[in-house]
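Single chain ahead, by itself, as structure tokens, in the form predicted alone.
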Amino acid sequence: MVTVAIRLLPDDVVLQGRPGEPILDTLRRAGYSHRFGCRRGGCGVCRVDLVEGSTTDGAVVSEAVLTPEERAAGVRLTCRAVPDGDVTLRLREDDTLRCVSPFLARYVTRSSLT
């Protein structure tokens, strides 16, 4: 199975995503979480900044949630963003990556892609 690398800053945690899998689903499957709300793209709570790579929205995201200017600046919703390949994301200053399942997380690579 082909996978994509999802690097999360500032923690420098690298997760292996599945093709077509939204970033939030990858996080949860790997035993991690960050702040999120509705999981449907309607609240905008799960915002992150795309540092490198590209994504496609797996479903429609309203311009009331993410404006065209925010999208152009690299803001993404982890519940909707599906990586097109390897990506690097930065959590917002008021957000924290949390390990919610140490059993699952122990299989996650914790190193830089560089």
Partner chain sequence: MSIMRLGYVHARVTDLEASRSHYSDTLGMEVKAEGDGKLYLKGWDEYDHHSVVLEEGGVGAVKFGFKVSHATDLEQYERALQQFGVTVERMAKGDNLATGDGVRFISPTNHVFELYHEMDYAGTETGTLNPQTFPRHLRGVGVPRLDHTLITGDDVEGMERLFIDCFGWHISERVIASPEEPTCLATFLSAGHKAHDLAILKGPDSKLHHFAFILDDWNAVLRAGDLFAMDDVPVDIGPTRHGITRGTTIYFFDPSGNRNEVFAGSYTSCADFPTITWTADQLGRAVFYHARELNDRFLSVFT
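Numbering follows the first chain given and starts at 1. Please read these numbers as outputs of a predicted model, since none were measured by experiment.
Same protein, other form: the form predicted together with its partner chain, not shown, and the subject of what follows.
- In the model of the complex, at least one heavy atom of Gly41 sits within 4.5 Å of a heavy atom of its partner chain.
- With a 4.5 Å cutoff on heavy atoms, Ser62 counts as touching its partner chain in the model of the complex.
- The closest heavy atom approach of Val45 to its partner chain in the model of the complex falls within 4.5 Å.
- Residue contact check for Arg76: none of its heavy atoms lie within 4.5 Å of its partner chain in the model of the complex.
- Within 4.5 angstroms of its partner chain in the model of the complex, the stretch 73 to 99 places a non-hydrogen atom from Arg80 alone.
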